[in-house]
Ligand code: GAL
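In the block that follows, a single chain appears as structure tokens, in the form predicted alone.
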């Protein structure tokens, strides 16, 4: 709890630092949202609230996981709207670089939100510490099951966060693999973070092999598909299973015993920081030099990595996501 409070204070101080900028009139901020599921709808809501509270006009386009549609929508916004700043959550971290450079050619500042955009003149990157999230997932499972067969299901190979999560997971798992305590029996990345593909991968594996002792799934969407396959094989409560995003159905699986943990990310902290950064850029004010930098292949991009991330299991679900009002208790504890 002390770490949680410290993380909130850190995020709050970042927001104060960025919010000190004077505002100009008629600020227009575009949001190009690439992926789609429960978590991202919350990001859009928080981003819009924080931007509009600072008198900015917000234009949102949702690509529903289509790289082609995101490119079309973003180009349309760049050409037809008088944007000061474009916030992009890319479907593909490499392909979105062309959108950034196109926006920059029109004197539009660009923020990469929660997913880095590679090989382009990006202005700023804001995200959670995804390496730490991966470590948290692996730490939680290995404390329960320090020895055994582990399966790894990562996210879309075009999403740089998939790589960062895997780095974090392997930071914890590799020493145990070297010791011979853990054996990796499956290691797959899932296109578009698709739960249907995750289901098929796990179903095919279970058809040919014994069930692993634990499955490190990088997101709650992946855990949804994995859990479905496990239940079909009568293994719902026998295999440890991680996730990320504290989605409603994942929290429900946790209390029902079909998922072991998820990672709760305080999305409003990230959204508030991004909104304040957007206003800073729109005003042509300098980015605070207290930020870290991340290499995107072209430049060292000023970055804010929000540390408001909390492991959630059955033991603390009421004290975290429910106490914060992130999820309605009645949606999780349906039988009470």
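Note that this is a predicted model, so its numbers are computed, not measured. Numbering follows the first chain given and starts at 1.
The protein also exists as the form predicted together with beta-D-galactopyranose; that form is not presented, and the subsequent description refers to it.
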query	finding
Interface membership of residue 265, beta-D-galactopyranose in the predicted bound form, 4.5 Å heavy atom rule	yes
Contact of residue 61 with beta-D-galactopyranose in the predicted bound form (heavy atom, 4.5 Å)	no
Proximity of residue 159 to beta-D-galactopyranose in the predicted bound form, heavy atoms at 4.5 Å	yes
Any non-hydrogen atom of residue 115 within 4.5 angstroms of beta-D-galactopyranose in the predicted bound form	yes
Stretch in contact, per heavy atom within 4.5 angstroms of beta-D-galactopyranose in the predicted bound form, of 31-39, 63-71, 271-279, 291-299	31-39
Single option in 135, 249, 245, 84 placed near beta-D-galactopyranose in the predicted bound form, where near means a heavy atom within 4.5 Å	245
Option touching beta-D-galactopyranose, based on a heavy atom within 4.5 Å in the predicted bound form, out of 130, 169, 109, 260	130
Residues within 4.5 Å of beta-D-galactopyranose in the predicted bound form, restricted to 177-202 and counted by heavy atom	193
